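One chain comes next, on its own, written as structure tokens: the form predicted on its own.
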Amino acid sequence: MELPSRLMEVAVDQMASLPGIGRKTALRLVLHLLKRDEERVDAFARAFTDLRAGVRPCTTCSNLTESEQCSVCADPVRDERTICVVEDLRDLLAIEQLGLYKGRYHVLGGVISPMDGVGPSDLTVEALVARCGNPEWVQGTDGLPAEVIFALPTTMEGETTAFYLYKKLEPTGVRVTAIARGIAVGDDLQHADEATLAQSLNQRLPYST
């Protein structure tokens, strides 16, 4: 069905480009915005332009932040000897909500998925390897071994990514572990209940291929 306005057509197309939004839903949202007063619509649009201009990856872990470093990396109390590798911000927030993990993070920005055209070069793999490539960090001056925890989806893409990372990190000598399989195979981390996620994190195991 042809819409009565070119501007509406453009707005619906843009709204429908968002994941999980079909054209019917996009049209409903556009009609709702048309009912709002101009000031509220301007504030709505400005929130997203400000978001795009002001939010950037943390220079250390690639978490999202408005500063050079995210709040986790800037926290001197966090354990610098432990890095938890997650797919994206949603998984980081799921773990933080537990209040159990006190280490640092590394956000990959996705998982390896050839079907979707996502390869290792599209992720922050090299930044992770660089973080783990410091012999002083790996060996430690306190005798405690450095640890990298894989907290990745238990999907085929997640397992492929974990295997690739393991091979990349193997020469560094860092201890690599993975969260226990309380998370069902095929599940995304952010959809797990808190008790299951906490158990998986606490009972993590040495990563094996």
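These figures come from a predicted structure and were not determined experimentally. Heads up: residue numbers just count along the shown sequence, starting at 1.
Keep in mind that the form predicted in complex with another copy of the chain is not shown, yet the notes after this line are about it.
For the marked spot (F44, G54 and R90), a heavy atom within 4.5 Å of another copy of the chain in the predicted complex is present in each of the three residues. Here is the short version: of A151, C58, V176, V30, the single residue with a heavy atom within 4.5 Å of another copy of the chain in the predicted complex is V30. Interface residue remark: T161 is not counted as part of the site for another copy of the chain in the predicted complex, having no heavy atom within 4.5 Å. Although the partner is absent from this view, E68 stays clear of another copy of the chain in the predicted complex, with no non-hydrogen atom inside 4.5 angstroms. Contact check for A11: a heavy atom falls within 4.5 Å of another copy of the chain in the predicted complex. A residue is said to contact a partner when one of its heavy atoms sits within 4.5 Å of a partner heavy atom; N134 fails this definition for another copy of the chain in the predicted complex, lying far away.
Annotation for 12 to 28: interface residues with another copy of the chain in the predicted complex are Q14, M15, S17, L18, P19, I21, L27, R28 [heavy atom within 4.5 Å].
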